[in-house]
Each structure stands twice: as structure tokens, then as C-alpha cells.
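Next up: just one chain, as C-alpha cells, the form predicted on its own.
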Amino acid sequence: MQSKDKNTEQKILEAAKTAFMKYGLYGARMQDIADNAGINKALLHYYFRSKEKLFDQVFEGALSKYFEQMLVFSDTSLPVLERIFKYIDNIIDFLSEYPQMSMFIIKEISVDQEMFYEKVKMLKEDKGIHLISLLKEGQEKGEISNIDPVVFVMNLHSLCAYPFLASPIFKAIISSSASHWEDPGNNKLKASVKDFVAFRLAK
């Protein structure tokens, strides 16, 4: 039997990541994934017997990488505010690589909530504390203001994710107004989100 080549497998996963992020599990086609990976469909099925198995690997890989950005919350060598700032850098860099990640998650939750919750539970187990716990810790230590942590988390993730979700809208607005705007490394976006955080959490 032919042995599986790691380079071919990686090409498949990259092609599948692009397709699933754009179309979701049920909209993506195996033939398109095979074509974009530069292989035939039979070889694709040799590596991954079904679209569902391929999707699981792509989805878990993306989610796992997403949760890795949260490891900074457990870095007790840093003040609470600095940990949140580092997380903002991490998550915006992550969304630059996976710009459709937020929409992808929303789509898949709407199709199968239980599957999503189970994957999150499994992948989050060894990723340290979460942001709500960190905010409560900062409040107890007197490092940050006494805000509602759940509302803050919703606002923070909206500020980080929405520019990527609505990128086509912003590009159209900028183009129609004959404006030119660049943000290498998303540094303006990061600074803007940090300004909000610093203002909202200031004692």
C-alpha cells in the first residue's frame, strides 16, 4: 500500500482550510479541494476517507490554534492589563491568518451546536484560564475597574473580529470615497482596541 506523504497531506489541509472557511462543511466540495491541492479526488479520499473527517481535522486545528492565543492569560509574570494587550496582538494576528474564522464558527454553531461545544470543551481543557477569570482576578487585586466581565469580553471580541468580518464593506466604502488607507501588521487596529481596553479598565 502507498505510504502517506506529509507534504501532500499538508497541501490537502491548506486547500481544505480555504474551502471550509469560505463555504463551511456542507458548501465545500471535495473535488474543489482536490483541485486546489493539485491532486486527484481518489488520492484525496485515500488521505481522508470522507469530507467530515477532513473537516474535523481542519476545524480542530483552527480552534486549537485559536485557543493557543489565550495561553498568555496564565502568564502571572505580567500585570492583568499587559496580558490582555498581548492577547489583542495575538488574536488580531491570528485573525489575519484566518480572516473568516469568526464567520466559520458562527456557521458551524448554527448547524450543530453540540458538536461545537464538545470540541471547544476538549480543546480548551489544557489552555489555562480564560479571560473572564482573568478580569475577575484583576478586579480582586485592584488592578482594573469593576466592570461586567461578560459584557467586556463581548465588546473586546467584537472590536477584534468585526474588522475582518466586514472587510469587504470597509473596502467598498474606502474605494467609493476615493480614500487610501493602509495598516501594515494591523498596528492601527491593535492600538485602537488597546485604547478602548485601557480606557474601559482604568481605575
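As the structure is a prediction and not an experimental result, all values here were calculated from the model. Position 1 is the first residue in the sequence shown; the rest follow in order.
One more form of this protein should be noted, the form predicted together with a further copy of the same chain, which is absent from this view; the next part is about it.
Visitor: Indicate whether residue 116 is a 4.5 Å heavy atom neighbour of a further copy of the same chain in the predicted bound form.
Guide: Residue 116: contacts a further copy of the same chain in the predicted bound form.
Visitor: Is there a heavy atom of residue 110 no more than 4.5 Å from a heavy atom of a further copy of the same chain in the predicted bound form?
Guide: Within the cut-off, so yes.
Visitor: Although the partner isn't part of this model, could you tell me whether residue 30 comes within 4.5 Å of a further copy of the same chain in the predicted bound form, counting any heavy atom of the residue?
Guide: Flag for residue 30 set to no.
Visitor: Answer for residue 66 alone: is it within 4.5 Å of a further copy of the same chain in the predicted bound form, judged on heavy atom distances?
Guide: Looking in the predicted bound form, residue contacts with a further copy of the same chain include residue 66, since a heavy atom lies within 4.5 Å.
Visitor: Looking at 155, 57, 139, 36 here, can you tell me which has any non-hydrogen atom within 4.5 angstroms of a further copy of the same chain in the predicted bound form?
Guide: By the 4.5 Å criterion, the partner-contacting residue is 155.
Visitor: Can you tell me which bits of 149 to 166 touch a further copy of the same chain in the predicted bound form, meaning any heavy atom within 4.5 Å?
Guide: The stretch touches the partner through 150, 151, 153, 154, 155, 157, 158, 159, 161, 162, 163, 165, 166.
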